[in-house]
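This document opens with one chain alone, in structure tokens, the form predicted on its own.
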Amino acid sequence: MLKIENFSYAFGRRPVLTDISLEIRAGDYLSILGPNGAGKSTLLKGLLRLHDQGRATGRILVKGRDLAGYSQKELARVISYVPQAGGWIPPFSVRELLRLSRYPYAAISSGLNDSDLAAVDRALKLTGLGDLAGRQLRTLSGGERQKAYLAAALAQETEIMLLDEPASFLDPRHAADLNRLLRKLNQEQGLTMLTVTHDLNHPAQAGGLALVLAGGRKLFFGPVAGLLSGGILEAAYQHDFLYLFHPRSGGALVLAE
């Protein structure tokens, strides 16, 4: 689904990412970890071609095709993006936001068709936002607004979804609800997901693969179980951690000392 070959990115003489290579298969769930400034968000933006400054080298293949060969509309039919909940809030209702996410398919002259409207309704149902469809985004709580951004990405009907710290700014209940929904979408709908997170326990809960970046370089890439050995997290964060097991689920827990 995604193949990144020797991808590097620099702002002027300052490298942000150096020689990143990895492959993601259809249906994979990838958690991207690393300290602040490690290049996590830069990697997502590279996959979306959102960089307007700096210099990229290497190659990114999306479904076997060079990323550079996609038109913006073609790319938006394959990859969707869920931003962080904080920051600027678009001046739209939830339904308006989802309708706008259908732009890769809609013709400017004719507007949305029945297929577009059905995709919007499906996304509202999946995220449980039907009752809030008419509400302005600025009137929603952080958790509700984050679900609206996720619903917009679902209405876009892509095979790959990129999420940049989707649970940031959310309280524990809303964060848990969102993470459960993401796992359900990955497991039941087969969505390929790449999620940037600062929650060190998220990868173990989500399963799948983990990528650890440090200083713009790939420190680890593989099954999440590998994070619990070899001092990977200690090397990345330059900090000591405790590894415990949850008394009910038996799953691993990571605590900062």
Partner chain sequence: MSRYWKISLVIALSLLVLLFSPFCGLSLISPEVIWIPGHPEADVFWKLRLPRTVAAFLAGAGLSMSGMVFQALFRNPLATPFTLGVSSGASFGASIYFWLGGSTLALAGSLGPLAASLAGAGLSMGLVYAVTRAKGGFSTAVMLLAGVIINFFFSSLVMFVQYLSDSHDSLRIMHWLMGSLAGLETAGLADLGFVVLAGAAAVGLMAPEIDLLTAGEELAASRGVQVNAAKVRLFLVSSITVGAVVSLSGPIGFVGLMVPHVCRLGLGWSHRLLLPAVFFGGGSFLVLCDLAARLILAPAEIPIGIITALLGGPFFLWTLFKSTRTGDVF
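These numbers come from a predicted model, not from an experiment. Residue numbers count along the first chain shown, from 1.
What comes next is about the form predicted together with the partner chain, which does not appear here.
In terms of non-hydrogen atoms within 4.5 angstroms, which of the given stretches 125-133, 170-178, 183-191, 92-100 touches the partner chain in the model of the complex?
In short, 92-100.
4.5 Å heavy atom contact with the partner chain in the model of the complex for all of Arg14, Ala38 and Lys40:
No, the candidate spot makes no contact with the partner chain.
So, in the model of the complex, is Ala119 in contact with the partner chain at a 4.5 angstroms heavy atom limit?
Output for Ala119 is no: heavy atoms all beyond 4.5 Å of the partner chain.
Please check if Ala76 has a heavy atom lying within 4.5 Å of any heavy atom of the partner chain in the model of the complex.
Taking the distances in the model of the complex, the answer for Ala76 is yes, it comes within 4.5 Å of the partner chain.
So, in the model of the complex, is Leu61 in contact with the partner chain at a 4.5 angstroms heavy atom limit?
Heavy-atom contact with the partner chain at 4.5 Å: absent for Leu61.
Might Lys45 be said to contact the partner chain in the model of the complex, defining contact as any heavy atom within 4.5 Å?
Yes, Lys45 is a contact residue.
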